[in-house]
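What follows is a single chain, given as structure tokens, in the form predicted on its own.
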Amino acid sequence: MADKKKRRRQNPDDDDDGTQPFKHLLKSDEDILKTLKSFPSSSAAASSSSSSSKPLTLADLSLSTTCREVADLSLSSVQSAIETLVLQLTHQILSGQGFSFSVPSRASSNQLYVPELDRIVLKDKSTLRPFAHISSVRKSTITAKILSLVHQLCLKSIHVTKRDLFYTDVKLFQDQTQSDAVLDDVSCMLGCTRSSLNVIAAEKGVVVGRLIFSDNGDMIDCTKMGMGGKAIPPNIDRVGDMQSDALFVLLVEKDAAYIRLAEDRFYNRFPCIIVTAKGQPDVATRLFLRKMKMELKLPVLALVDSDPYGLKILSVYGCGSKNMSYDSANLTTPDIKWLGIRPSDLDKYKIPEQCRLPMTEQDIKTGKDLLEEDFVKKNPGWVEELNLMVKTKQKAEIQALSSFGFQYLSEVYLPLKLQQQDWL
């Protein structure tokens, strides 16, 4: 009998309560907070020293390849740029050269990752879009239409959504993806950010936690926004006066995890600001996250699914998307840390087999493609995790942690991650 009791005795490292593994490893909240307070101070010191020497820009680098970047322009400047472009087109037609737009190429071959800036930029190659050619007549017509609509917005000084823009001529555009793509082309052509065109996307991202900011003159306290949080304003120019006592920003990929953390008021236990774009990052959320990082000088920790797409989403926030590389200077947030869920966490936190998903052939291909990206190669920790993912052919969502209890994410997993400073 005594022998049986001895056999039942567990190793102290495995001494869990059975339902919430590793909970016994947690220190007190006060101890974890002390650990966290040392992280932002070192981050702030690094940022202040770098700010004193002025942040690095494309203009500071002697690149062998010419690259282009856009800037925030006033409505009057955008209007002037459109009118100048139209005059150039008129001269082309009158001189017998025909009617064609010179459009910066946003193809993958025209993208460049700059390690010194840790973001993707657009090279200087352009393509012609002639009206008198059967393959490009429709796209050049759409381009002229978008320029005309943006010029109207400048004259009236109003904002419209991308959906509004599409419905001005459904038969011409046929699909909103076509009008959206040409809108990005127009930004490149005029040398301005997309927000300078006064065309915005519908509200998607939300924020909750220890943040106060002004939205078009109204002061918003994000601790008093309920479980749903505050919708991130689609036009960043109306956001200002950011104030916070948070120790970090928690960037969450999915709405489900965000709701869990908001309902548990995780931001009160560990002072933080919680942000999500509910999947693929939209422009407003990317601009808002960058603004918080630059103004509040807070570290940003990312919580994404353990699959190639989770890492792609993280890279869009940090290094930029290839689709909008022309505006990466304004849309990227430097030095985002990968908190979880990482491939190594699946075994480390004993995620049950029934909660892990087999990777599809497309998943594996995406993972291998990511391993070839320069922004991944620069991060040895990312390479190691991605290799593990491709090798095991397993993925898991953040919700896999719910197998240990619906509040395991907020009560054990994240506190333990913060305690151990376990991020890449």
Partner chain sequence: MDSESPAETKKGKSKAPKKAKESILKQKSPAEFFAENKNIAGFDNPGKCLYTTVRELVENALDSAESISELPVVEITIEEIGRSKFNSMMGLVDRERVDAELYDDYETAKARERRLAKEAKVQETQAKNAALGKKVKEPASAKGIKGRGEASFYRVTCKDNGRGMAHDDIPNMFGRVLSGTKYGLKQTRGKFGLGAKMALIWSKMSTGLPIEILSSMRGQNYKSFCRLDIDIHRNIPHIHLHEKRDNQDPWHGAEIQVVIEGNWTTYRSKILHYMRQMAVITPYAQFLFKFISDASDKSVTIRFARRTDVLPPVPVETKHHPSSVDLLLIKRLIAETSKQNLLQFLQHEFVNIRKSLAERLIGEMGPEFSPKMAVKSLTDQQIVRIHQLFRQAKFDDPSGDCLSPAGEYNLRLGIIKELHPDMVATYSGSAQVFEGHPFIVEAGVSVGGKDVKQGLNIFRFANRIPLLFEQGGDVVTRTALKRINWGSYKINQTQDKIGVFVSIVSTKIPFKGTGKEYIGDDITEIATAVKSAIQQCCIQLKSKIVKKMQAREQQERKRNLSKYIPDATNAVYDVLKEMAKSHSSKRKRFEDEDTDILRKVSAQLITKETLKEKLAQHVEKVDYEMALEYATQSGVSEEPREDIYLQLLDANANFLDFHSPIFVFRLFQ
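Residue numbers count along the first chain shown, from 1. Quick caveat, the model's predicted, so the values are computed rather than measured.
The discussion below concerns the form predicted in complex with its partner chain, not included here.
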Partner absent here, but in the model of the complex, which of 334-342, 114-122, 86-94, 261-269 has residues with a heavy atom within 4.5 Å of its partner chain?
86-94
D282: touches its partner chain in the model of the complex, heavy atom cutoff 4.5 angstroms
no
For G98, is any heavy atom within 4.5 Å of its partner chain in the model of the complex, or not?
yes
I'd like to know whether K297 contacts its partner chain in the model of the complex, with contact meaning heavy atoms within 4.5 angstroms.
no
Counting only non-hydrogen atoms and a 4.5 angstroms cut-off, does H151 reach its partner chain in the model of the complex?
yes
Name the single residue among V170, M219, L128, L155 that comes within 4.5 Å of its partner chain in the model of the complex, judging by heavy atoms.
L155
Please tell me which of H133, K350, R238, R163 lies within 4.5 Å of its partner chain in the model of the complex, judged by heavy atoms.
H133
Check each residue of 139-154 against its partner chain in the model of the complex and list those with a heavy atom within 4.5 Å, in sequence order.
T141, A144, K145, S148, H151
